[in-house]
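Given next, in structure tokens, is a single chain: the form predicted on its own.
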């Protein structure tokens, strides 16, 4: 048996699955001030009458880190950055406590200027006096030689609660993105640590000893304990759960547009032949351009609980959420209230919903019923506009699926897959106001949690080889090997795949279902005068995201 637990901003969904399908489900309100009891309430219900020893694993997804970034509720972080030839690193400042220092490497990983130990001691004292507990350390070419980052880390050890070094966070080149990625990992660390402790304590109380995994932004999972070292990987794990929860229900030979309509936001994504698209270079979130590998998704500020208001005579839906719908005791009219007026919903206070919509109707000189219909139309149009923006953005650049680059491919989805609490009601209207074929994902209310539960364990390895310097390194893995002048690209691929297998198994992957592939391979010669002095090789390999074998996600119709 597997437990899938999706901690959302409004609700936490929990499911219990076996190889035949869904056994139990529960939805509880997320209490951000008491995550321990939020998780415990869900586990109490889902494990009632179940032998804890029958649970094989637990997989989590969460919006907590994403929401913290978007709402600017991040911990203060100290950033220590060593640069090198090129642009002044001050141009890449992500936060207040940001300090470029002396000491640098060149692009081949050769030291130009050593680290100044006295300068690091002075900065450490300054950061401690400012109350900083978390620090990021980034060197421009640390992916070629991490010795400066490691030197600074060693000097800071014991002075701060957690230190993140850039070459461990990402082995990819891209100095500005590595700075932003390291900063966000450090800034969301305390939020994610609180979540980690709440979950582990809840499971201990329930005497559940199954391995715990957490969903990453790329649609794969990793061991929960390893996420403490890389908390930034959980950013956008919520939208990734939406994609995984709908994959099995997409047509096998067409493009589908996934729409997860929640209380506050709608998450959008595209599937090509049931395969999600990928942002291999990394996501941009709240102006931070990162190296966090992610499925290609878009979140827009409209959902069932979005506040509805008139602004200069025009009806607006979202992006704010002021609370629940008036039908459920909320303070402002919402699309959910419109559905009550239209007779689409009846499990709440219909009179309160009608009263809220009536106040808008009087201002618009319309009937209550016409106002409700207009609210739903505006919400649906905002979702469709978001879908068009996503498709346009995808088609402006090369299309990457999680499997391969689709050079010159243009995305033209004709099929909508709708999930989320109000999915059936929105689907009915979206079918009326668009030319899409529309289907509601089975078990739409908890599809995210099902997708979370069934996510495959994924990993990625980047290997760099320089035959002139006679070294091959994989910075994130702490791997370094001497090589000969005749070291080939195929040898680099073989080394990278071997490292990937080891890494994936350590993270809990099934050894019988390791779908490994080469995601990128680049080689160029280094020439001095008229002679080739060596080769520079870069290889990226991955375990492809997808669903685990042997489990049925649910009915296909």
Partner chain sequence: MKLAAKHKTGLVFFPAFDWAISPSHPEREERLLYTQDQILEEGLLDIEGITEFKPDVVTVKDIQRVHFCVPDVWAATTESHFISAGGAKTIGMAVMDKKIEKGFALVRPPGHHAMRVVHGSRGFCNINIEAIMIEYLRQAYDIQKVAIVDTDCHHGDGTQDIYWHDPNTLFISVHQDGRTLYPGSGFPNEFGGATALGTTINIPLPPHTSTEGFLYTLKELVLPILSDFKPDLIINSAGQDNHYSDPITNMNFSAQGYAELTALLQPDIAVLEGGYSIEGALPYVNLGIILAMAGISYSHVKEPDYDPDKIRQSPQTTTMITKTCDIIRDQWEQRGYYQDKLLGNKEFHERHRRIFYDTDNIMETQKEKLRACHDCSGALRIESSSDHGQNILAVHIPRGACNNCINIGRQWHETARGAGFNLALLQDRVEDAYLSTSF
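What you see is a predicted model; the values in this text were computed from it and never measured. Positions refer to the first chain, counted from 1.
From this point on, the text means the form predicted together with the partner chain, which you will not see here.
**Student:** Out of 329-337, 204-212, 99-107, 449-457, where are the residues with a heavy atom within 4.5 Å of the partner chain in the predicted bound form?
**Tutor:** It is the stretch 99-107.
**Student:** If you check 478, 86, 484, 343 against the partner chain in the predicted bound form, which one has a heavy atom within 4.5 Å?
**Tutor:** Spelling it out, the residue with a heavy atom inside the cut-off is 86.
**Student:** Please identify the residue among 273, 320, 73, 395 with any heavy atom within 4.5 Å of the partner chain in the predicted bound form.
**Tutor:** Partner contact (heavy atom, 4.5 Å) among the options: 395.
**Student:** I'd like to know whether residue 248 contacts the partner chain in the predicted bound form, with contact meaning heavy atoms within 4.5 angstroms.
**Tutor:** Output for residue 248 is no: heavy atoms all beyond 4.5 Å of the partner chain.
**Student:** Counting only non-hydrogen atoms and a 4.5 angstroms cut-off, does residue 406 reach the partner chain in the predicted bound form?
**Tutor:** Residue 406: contacts the partner chain in the predicted bound form.
**Student:** In the predicted bound form, does residue 140 come within 4.5 Å of the partner chain, counting heavy atoms only?
**Tutor:** Yes, residue 140 lies within 4.5 Å of the partner chain in the predicted bound form.
**Student:** Considering non-hydrogen atoms and a 4.5 Å limit, does the partner chain approach residue 401 in the predicted bound form?
**Tutor:** Yes, residue 401 sits close enough to the partner chain in the predicted bound form that at least one of its heavy atoms falls within 4.5 Å.
**Student:** Can you work out whether the partner chain is within 4.5 angstroms of a heavy atom in all three of 67, 189 and 501 in the predicted bound form?
**Tutor:** No, none of the three is in contact.
**Student:** If you look in the predicted bound form, which residues in 12-36 sit within 4.5 Å of the partner chain (heavy atoms)?
**Tutor:** Sequence-ordered list is empty.
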